[in-house]
Ligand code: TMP
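The data below hold one chain only, encoded as structure tokens and taken in the form predicted on its own.
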Amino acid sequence: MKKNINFLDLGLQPLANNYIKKNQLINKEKKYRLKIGVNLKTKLVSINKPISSKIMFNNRYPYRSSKSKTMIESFKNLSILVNKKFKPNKILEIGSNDGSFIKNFSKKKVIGIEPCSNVEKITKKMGFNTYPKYWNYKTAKQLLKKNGKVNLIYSANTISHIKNLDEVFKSINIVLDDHGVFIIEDPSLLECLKKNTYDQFYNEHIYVFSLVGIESILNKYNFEVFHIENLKIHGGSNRYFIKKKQNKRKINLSVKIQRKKEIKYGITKLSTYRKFARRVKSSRKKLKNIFIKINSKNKKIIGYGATAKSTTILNYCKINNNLISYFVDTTKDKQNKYTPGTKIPIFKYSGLIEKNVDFIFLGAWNFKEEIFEKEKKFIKRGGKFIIHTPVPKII
């Protein structure tokens, strides 16, 4: 495969989900150069030097999909659609996390794969058939031997985390029934470029997919996309409905429309990515200036949602605990720790923003509607939010 052409350098970055304990503050953090490139042959956009999955996904992984009302509703709505449209009797979820999707189905119907054992234990305790394994050909063969083929495979924000896409689709090919359906949900490269959301890139997000990029690899394994849904989740995601070519399902017009949109925007051209990189540099300067200006007026800024995305922004823009007093977060495994690289304290979200807080930096900007609804009192008393997309601004 032809080498990536680098177009964006986000500098030295820590592991995005490696939240620091107080007694670790004196330790030197390991950081990695985060460069992003495009392969003009496959049209895949990816991190230049991916980090080992075992370093990123382990028994200390903090992300919980159940902490977001938006995600819970999305999974519930999808499960209704899946049951109605595809009527599967055996479902596999790759990256089942804490069970927000699989809990919508009968325990007899579903199998979960979740390499982070601390999270996999949650679904195991709930009585679901889950495995603390990485998705690869060996795992696929074990599942096939034990459970037989499945009718539906679902994976949200996980396939983009796996370096070897050839092995991913080769493994799916042997497990999925010839008339089955494979559904992938991941951030949209088109929306990332349009909205300047460079924080979609962090060490776990090895790829940010476009339809044309996905199609280049699907074709090798006898798969094709037959339908696409554009979602608002995570700042703009695509839900790809995929089938084997021998499956006679008709290809929906949505696929042609998406492909046309991507090509028209310039997803196949190197110049598009270079323009994006210039906008990212401009965004860094504007965002830092907003923080400096507010700080000069002795106004208090806190962060809301110590996300993996915010790790990229904070470290790239060099925004540290001199500019943000602290973060609030609902995830227990992040509370009473510090943000990776920038060492900003993270406290438990109590449901009430302190009266002396003037500005909130939205680390979880992709859930801003949900947050605005929760923080009506803060807004009513004149509180303002700082956001970096599509351009840094105060809202």
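Note that residue numbering follows the sequence shown and begins at 1. Keep in mind that what you see is a predicted model, and the values were worked out from it rather than measured.
Form predicted in complex with ligand TMP: not shown, discussed below.
Chemist: Is Tyr304 part of the interface with ligand TMP in the predicted complex - any heavy atom within 4.5 Å?
Modeler: It does: once ligand TMP is placed as it appears in the predicted complex, Tyr304 has a heavy atom within 4.5 Å of it.
Chemist: Would you check, heavy atoms only and a 4.5 Å threshold, whether Ser68 touches ligand TMP in the predicted complex?
Modeler: Ser68: contacts ligand TMP in the predicted complex.
Chemist: Taking heavy atoms and a 4.5 Å cut-off, does Ile353 contact ligand TMP in the predicted complex?
Modeler: So Ile353 does not count as contacting ligand TMP.
Chemist: Decide whether Lys309 counts as a contact residue for ligand TMP in the predicted complex under a heavy atom distance cut-off of 4.5 Å.
Modeler: Taking the distances in the predicted complex, the answer for Lys309 is yes, it comes within 4.5 Å of ligand TMP.
Chemist: Going by heavy atom distances of 4.5 angstroms or less, which of Tyr338, Tyr63, Phe359, Tyr32 would be at the interface with ligand TMP in the predicted complex?
Modeler: When ligand TMP is considered in the predicted complex, the option within 4.5 Å is Tyr63.
Chemist: Which residue, Ile344, Leu44, Val328, Ile36, has a heavy atom that falls within 4.5 Å of ligand TMP in the predicted complex?
Modeler: The residue from Ile344, Leu44, Val328, Ile36 that makes the contact is Val328.
Chemist: Where does ligand TMP sit in the predicted complex: which of 383-391, 7-15, 369-377, 20-28, heavy atoms within 4.5 Å?
Modeler: Residues of 369-377 come within 4.5 Å of the partner.
Chemist: For the spot marked by Lys109, Leu176 and Lys243, is every residue within 4.5 Å of ligand TMP in the predicted complex through some heavy atom?
Modeler: Spot residues vs ligand TMP: no contact at all.
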